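Next up is one chain by itself, shown in structure tokens, the form predicted alone.
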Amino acid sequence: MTFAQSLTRLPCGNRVLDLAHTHVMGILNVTPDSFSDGGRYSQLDAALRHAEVMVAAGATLIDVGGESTRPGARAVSPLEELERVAPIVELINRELDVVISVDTSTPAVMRETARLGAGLINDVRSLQRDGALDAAAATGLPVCLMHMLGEPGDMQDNPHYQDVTREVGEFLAERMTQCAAAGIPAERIILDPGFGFAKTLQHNLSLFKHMEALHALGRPLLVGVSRKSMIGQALNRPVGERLHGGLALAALASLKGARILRVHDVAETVDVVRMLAAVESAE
């Protein structure tokens, strides 16, 4: 079964996403140490203003994260993460008409932000922390499962695959099985190949090239490559000069069937998605 053959309406709390077309998810890091925008949006007013700008630019999801997952990032306590994330989730839910995704692996954060209006759990650890499966199931929200080996602190030490696309697919299929056993049906699952997580440049490029193979899992794909090192390494560009490479990958991901693009540069990516849609809808 491919995702094109399955239902495309995804209930996200009190909102619904129509995944018959590609959506742009704007990144809102409320952390002091994110690789790209660390500290810029840690104050509540600044975070809300940035969310407003992204929604006005066409983002239909805002991904709020309170724990940096860049290589070597320090761990944060559940209380610290919750204190960072909960107020902005509550504020965005009150002020903006947008699906709020919470980028977390922490059970307490999942439960509390769901209560405050979050519509999606986006977990880079694929619900593998103790209690995460049960917490996610209890919220009733859809979840995004991402492929990663190890933890952010050591994931890039020496990643190795015989066939990266096949092994990523097998990992995600196994996590879907675990979700089903915990009471999270396939209809509530989104899949993220995990570009930049426990992968070399060649792993990332090969996985991107063969991404369509993951449609065999029957669930929509989320792709997040915005400003990542795979762009920097391929083009020899620092973080601040990766926009054009990121837009090229956004276009490719959309053409390969990705339904959510997780990005920093919302307005530019929305233009890419709309232009592709205009061409696709022509006679």
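On a predicted model such as this, the values are computed, not experimentally measured, just so you know. Note that residue numbering begins at 1 and tracks the sequence as displayed.
Keep in mind that the form predicted together with a small molecule is not shown, yet the notes after this line are about it.
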item	value
One stretch from 191-199, 80-88, 109-117, 167-175 that, in the predicted bound form, holds residues within 4.5 Å of the small molecule by heavy atom	191-199
Of A136, I92, C144, L207, the one that lies within 4.5 Å of the small molecule in the predicted bound form (heavy atoms)	C144
The single option of S254, T69, T60, T31 touching the small molecule in the predicted bound form, heavy atom within 4.5 Å	T69
Contact test in the predicted bound form: G224 vs the small molecule, heavy atoms, 4.5 Å	yes
Any non-hydrogen atom of S105 within 4.5 angstroms of the small molecule in the predicted bound form	no
4.5 Å heavy atom contact, H50 and the small molecule in the predicted bound form	no
Partner proximity in the predicted bound form: S126 to the small molecule, non-hydrogen atom cutoff 4.5 Å	no
All of N122, S229 and R262 within 4.5 Å of the small molecule in the predicted bound form, heavy atom check	yes
